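Only one chain is included here, represented as structure tokens and corresponding to the form predicted alone.
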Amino acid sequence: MCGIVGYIGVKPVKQILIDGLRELEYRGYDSAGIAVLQNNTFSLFKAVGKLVNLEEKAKNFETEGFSIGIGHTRWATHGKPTELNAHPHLGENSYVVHNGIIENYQELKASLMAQGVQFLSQTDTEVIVHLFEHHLKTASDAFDAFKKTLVQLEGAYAILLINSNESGTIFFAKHGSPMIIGRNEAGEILFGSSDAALIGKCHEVIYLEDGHYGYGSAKGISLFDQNHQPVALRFSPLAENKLSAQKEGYRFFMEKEIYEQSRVLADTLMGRLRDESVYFEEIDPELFQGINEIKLCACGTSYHAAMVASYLFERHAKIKTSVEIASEFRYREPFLTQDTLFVVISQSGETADTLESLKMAKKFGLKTMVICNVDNSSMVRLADASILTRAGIEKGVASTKAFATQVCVLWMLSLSLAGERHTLEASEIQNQIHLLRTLPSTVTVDSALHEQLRRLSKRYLHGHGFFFIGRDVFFPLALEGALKLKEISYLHAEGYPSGEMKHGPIALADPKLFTIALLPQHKLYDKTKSNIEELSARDSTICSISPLDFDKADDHIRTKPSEHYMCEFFEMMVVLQLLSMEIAIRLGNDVDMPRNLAKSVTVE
């Protein structure tokens, strides 16, 4: 959600900023802008829509020699997506870019307006630059004014601020929203809200902690903690390979990432499967001592992965498991006990509601674990233990390979727990380890199947909605299938447990209601088949997904026969991803950057 870049150096700053913003497009945005400061003179360019509009506005602008600049892609929270509301925001002689939400901005804005300050935008961000300039009138220097500004801000933020009187300096701060600082051998300093913006431009980075703030200049970086004490600079190496961030001939990143699932699942499994057990080197067995309950907490697609895990943990490890939507968990005054392991799941490790839920669990003294795709993310640094999914960069906003790797890790974890708790026969654990080894081939996209789905998609462009139905672990898969379709096609879709149809939803059944039915051979086949027949009898259009023929289906997608329902789960997952993508493509939508959505949701 939103993206920030910053640069201090002698190279052409415009292109560095725009290139960095382009690497952050996957996060979702509706406007963009850059501000460049050279020789005490500002140059500002802002545009609504895609980055090409910003490039067009700045096409005749170039710099020579030393300069600094900040850039931003905005996903609207306060105020509509307009040029006035786009970042950077201007004071009298300062510019600011900001990710997050300033929760007390209305109070601050009212105070500043009473002192004669005029605001141009509807955003919460603009109060930062005006508050800074208010303090600048009485502060000892610009950095002192910046510190006084931060003290008054409430909420989540990652901030870059530049002032014309400090033409070689970028002030920065991080609280609740990610910010990274990088440097290279040429002495350049770069800033980004994700390391994707810095790959190939610098060789080492600092992942800022909450409360960190400071400034960067040609002389280096000065960093302080929330107690205003200097912080030693501890850099981590940054990969320089951008190959995984390119489309490589696919039409969309989403398509590439669906096809990549075979490779990334092999990476997820690597080193974790032994002949008779699952082994997570990163997990201390003592983490599970004294644990009688697991509470899983997540949002969106990660929440669906958590729901799958709840079936597997209770079935395999015989341990009480509950699942929480993070945005609800934060505010419902939950009852937490010390014998609970609190597990958060997030692709980015920065999801605001999930991160705050993790902080709550830590405050209550619970043992914590994160399942995440991004090393050095806020959740990974905060939790007692972490398991990385190894999905690699996922640029499509609608998650695919992140979901696949999350479910894979959770399946492995359920078997690891079962082994520790002696709740599954050794032979059954060995059998499921064998099945896990087959996942890379299970999710390999068959070209004939993809072509069938491409042709089939034209039948599902109109109607009044979709039901995705399934039982057991196929219920959260139905929820995930419905979410994928909603995200990228903008068609209404709902996921339901198959058995719930007769408890109200079946009233919607008619020929223009499309039912996508998950009908696995090895999990409640007859029960689910009966539910689908009830919908068919009421003239709902049925698209069944199953290795077995189903004569009541209007369309049938045949999956390969397999020996276990989890293998069927992963193959049906791929089918749902491809079908949703092909429907969205036929509708002419931007599959990678659907409207109103952001990749990394770093505000509530």
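The model shown is predicted, which means the values in this text are computed figures rather than measured ones. Numbers for residues come from their place in the sequence shown, where the first is 1.
Just so you know, the form predicted together with 2-deoxy-2-amino glucitol-6-phosphate exists too; it's not on screen, but the next bit is about it.
At a distance threshold of 4.5 angstroms between non-hydrogen atoms, T389 is out of contact with 2-deoxy-2-amino glucitol-6-phosphate in the predicted complex. In the predicted complex, no heavy atom of L208 sits within 4.5 Å of 2-deoxy-2-amino glucitol-6-phosphate.
The closest heavy atom approach of A86 to 2-deoxy-2-amino glucitol-6-phosphate in the predicted complex falls outside 4.5 Å.
For C299, a non-hydrogen atom is located within 4.5 Å of 2-deoxy-2-amino glucitol-6-phosphate in the predicted complex, even though that partner is not displayed.
Residues of just one listed stretch (345 to 353, 511 to 519, 422 to 430, 257 to 265) have heavy atoms within 4.5 Å of 2-deoxy-2-amino glucitol-6-phosphate in the predicted complex: 345 to 353. Of the residues given (A158, L483, A196, V308), L483 alone sits with a heavy atom within 4.5 Å of 2-deoxy-2-amino glucitol-6-phosphate in the predicted complex. Residue A398 is the only one of V97, I469, V407, A398 with a heavy atom lying within 4.5 Å of 2-deoxy-2-amino glucitol-6-phosphate in the predicted complex.
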